Structure formats: C-alpha cells, structure tokens
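A single chain, nothing else alongside it, follows as structure tokens in the form predicted on its own.
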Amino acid sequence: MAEINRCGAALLPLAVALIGCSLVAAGAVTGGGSARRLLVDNGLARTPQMGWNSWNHFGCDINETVIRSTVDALVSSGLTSAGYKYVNLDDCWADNQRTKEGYMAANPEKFPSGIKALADYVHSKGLKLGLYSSAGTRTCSNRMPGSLGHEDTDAKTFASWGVDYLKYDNCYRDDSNELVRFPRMSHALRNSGRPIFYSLCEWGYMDVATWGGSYGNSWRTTGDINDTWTSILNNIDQNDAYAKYAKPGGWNDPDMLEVGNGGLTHDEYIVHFSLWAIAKAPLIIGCDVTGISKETLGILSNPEVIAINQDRFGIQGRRVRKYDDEIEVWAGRLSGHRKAVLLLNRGATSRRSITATWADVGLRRGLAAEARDVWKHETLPGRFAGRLTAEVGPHSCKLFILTPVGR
C-alpha cells in the first residue's frame, strides 16, 4: 500500500524494542558476512511464501464472489499444485469502523457470509487464507480500521476465523516507531493460539531486514511495486542490498508479482519472475487468475524456476557482476552443489553477449559443469569450464542451473 503519514522517529535501542515481545529463538544464525539475527520460530516460511494477493489487480474492488472464484481458479489452473497456497485479502475487506465492542468485522456488503465462512471454503480447497491490517489507526485506503492499540484483540479474532497469514502495513501511525509497533503484533500473533504467517509491510524504511526476522516471516524492503519495467528493476535493486539477511524462516520482500497485469512484454515478465525466483522473494501472484492466459500461466507455473525459489538451502541469489548500465550477472547457491545463474540485459535496443565466469558465480576454477536452461527446459550440449556465455535480447534474460560434473 502507498505510504501515508510517514514518521521520522529515531530508532529505539533494541533492548527497548524487545520489551514485551515473545520470541522463541531458533538460535543466533549467521547470514553472510557479519550479519546475525534471531528467527521468530513459528514453524512457518521454511521457503519463501507462494500465493495470491488481491491488491495489484483488484484494489478495493473485492468481495467474497471474487475471492471464491479466485480460489477455484487457483485449483483448476494447476497453480495450487505448483505451490501457490495463500489466498490473501488486501485492504478494504473490513467494515469502515469497529463494532461497539471494539472488534474488527468484515464489510457486510462485500463479505456477507463473514471471514470464518470464507476461511472454511479456502481450507476446503487445500489453501490458506490471509488478511491485511496496518500498524496504525487506519489502513492505507482509510476505508477500514488499523490494528494499532488493538493488536491482541485483532490477532485473536483473526485466529478464531481460521486466518493463516497477516500482511501488516504501515499507515496512519502514531508517534512511536516501527520497532515498537510491529513487534506488538508479532507478540499478539504468537499468543493467538494459531500459527499465522506474519508479513511486515514496513516499506524498508528503517532497514527492516536487519531486525524483521526477530518478529516476522517476511518484510518489505521497498515501496510499492507497479506494473512497469522501471519499478520492477528499482525494487529488486533495493532488495539486493539486504541479501545476507534472508534465510529459512524469514525473507526479503520486494513486493508482489505483476506478471499477467498487462503492463510489460512477455520477455519482461520472464525477467520479473526470474529475478524474484533467484532472489528468494515471495512469489505472490497479483493478476486476475480467473481469466489467466496460457502465456501468463506458463510463466507463473514453470516448475524449474519455482524450484530455484523454493530450494531448501534458502540462500538469496544476488547481483555478482555489473558490466555496464545494461549487462548484469546474478547468481545464487542451490542444494546439491549447484548454482543458479541469471544473465540479464536491461538495455532496450540490442542483443548482447553476456558471460558469467566461475569466479563470479562461486564455482571452483577448472571445474566443469552442465548448464540447464530452465525456461527452455533443456540442458545445453557439452560441458562448460571457467565460463558460460549466452546471447540475450533487450529487456530479457537467460536463467540457468549449473551442475558440477568434474573435469
């Protein structure tokens, strides 16, 4: 959601931020370099979350018919089988005001059957239901109340409805800063009696990646995405700076997928999905899946690309070489001694030859490797030693898995 009323409060000492926050540590873990953090241990997010969110396509125009139709389409299209499990209602699902008893309630015109009935339907299809709120007095649309000051009540309400996921935004806040408000909801969710995935939508304002894993399962490292080439690249660039903080249990989030919303070309959407996959970003579909095209479905359901994102090692790939303003190499470690390698041409006019060297991608000098093109679903002939080179069109990429095979 869009930024509203951003405060400039100074960062509180971590000790203060932890007061009253129930953490079950998975132990201090090393996240590359000197990065260390505690993982909130709710048993969730062992790999980046996959699902669907209403905002990018529908905005506030959601209702229970739209959500039920989406659930049905996720199942019938095969997207559920591909791994997309969360069905997340974004802003505007709730009534404008709380009940006289102080509870949040579903908008009676949009969701006359209530959220509990919707959750039951979602669960009956083997999926999970997500809701949205804000660490402020109102949500970003100003059409429903936020959870500031009502964290315990709302968390228990969500749990009683069978909610599995909470996206928690950052609008209409008070004078306290993020390290006070976001931990309050973390504590409340952990005391709700139900495991609920906690997605912090803090916009990367206070270097959230450095502390988000102590409280939640993913954290927005950027402002809102939009369906443009510039926005997608800007968001992934910002997200890349925090690669060392991502690991099983907690993930950097450069915002939801725009694939299928119509603003980009097919090749540009392949770049978008490839970058999110190698960066271990959440794969949250943002288009209308009830009328999904064959081309969009082909991108979103590519099993080899999804497997890179969901690799059990959970190591975020990152940019390892930038040749000029157009040409980049991204790489990340996968299980089984493999490497994911993405050759990216950001330029708009010409094909370019791009080389990934073994030194750049982290393979031992002299080691031979097989190269699998995961978009063409084919292994390239021969073996490669020292480097891999490919021709890449404008606003396009090539995504490979390199598997060492010895000399």
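Just count from 1 along the sequence shown to find any residue number. What you see is a predicted model; the values in this text were computed from it and never measured.
The following text describes the form predicted together with a small molecule, which does not appear among the structures shown.
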Query raised in the report: Taking heavy atoms only, is residue 93 within 4.5 angstroms of the small molecule in the model of the complex?
Result: no
Query raised in the report: Does residue 132 make contact with the small molecule in the model of the complex, using a 4.5 Å heavy atom cut-off?
Result: yes
Report task. Would you please decide whether residue 245 lies within 4.5 angstroms of the small molecule in the model of the complex, comparing each non-hydrogen atom pair? Result -> no
Query - Proximity of residue 167 to the small molecule in the model of the complex, heavy atoms at 4.5 Å - result: yes
Report summary line: The listed residue (256, 277, 74, 163) that reaches within 4.5 Å of the small molecule in the model of the complex by any heavy atom is 256
Query raised in the report: Though the small molecule is not shown, can you say which of 281, 208, 185, 201 has a heavy atom within 4.5 Å of it in the model of the complex?
Result: 201
**Report entry** Segment that reaches the small molecule in the model of the complex - one of 116-124, 137-145, 93-101, 308-316, heavy atoms within 4.5 Å
**Finding:** 137-145
Query raised in the report: Each of 55, 220 and 224 near the small molecule in the model of the complex, meaning some heavy atom within 4.5 Å?
Result: yes
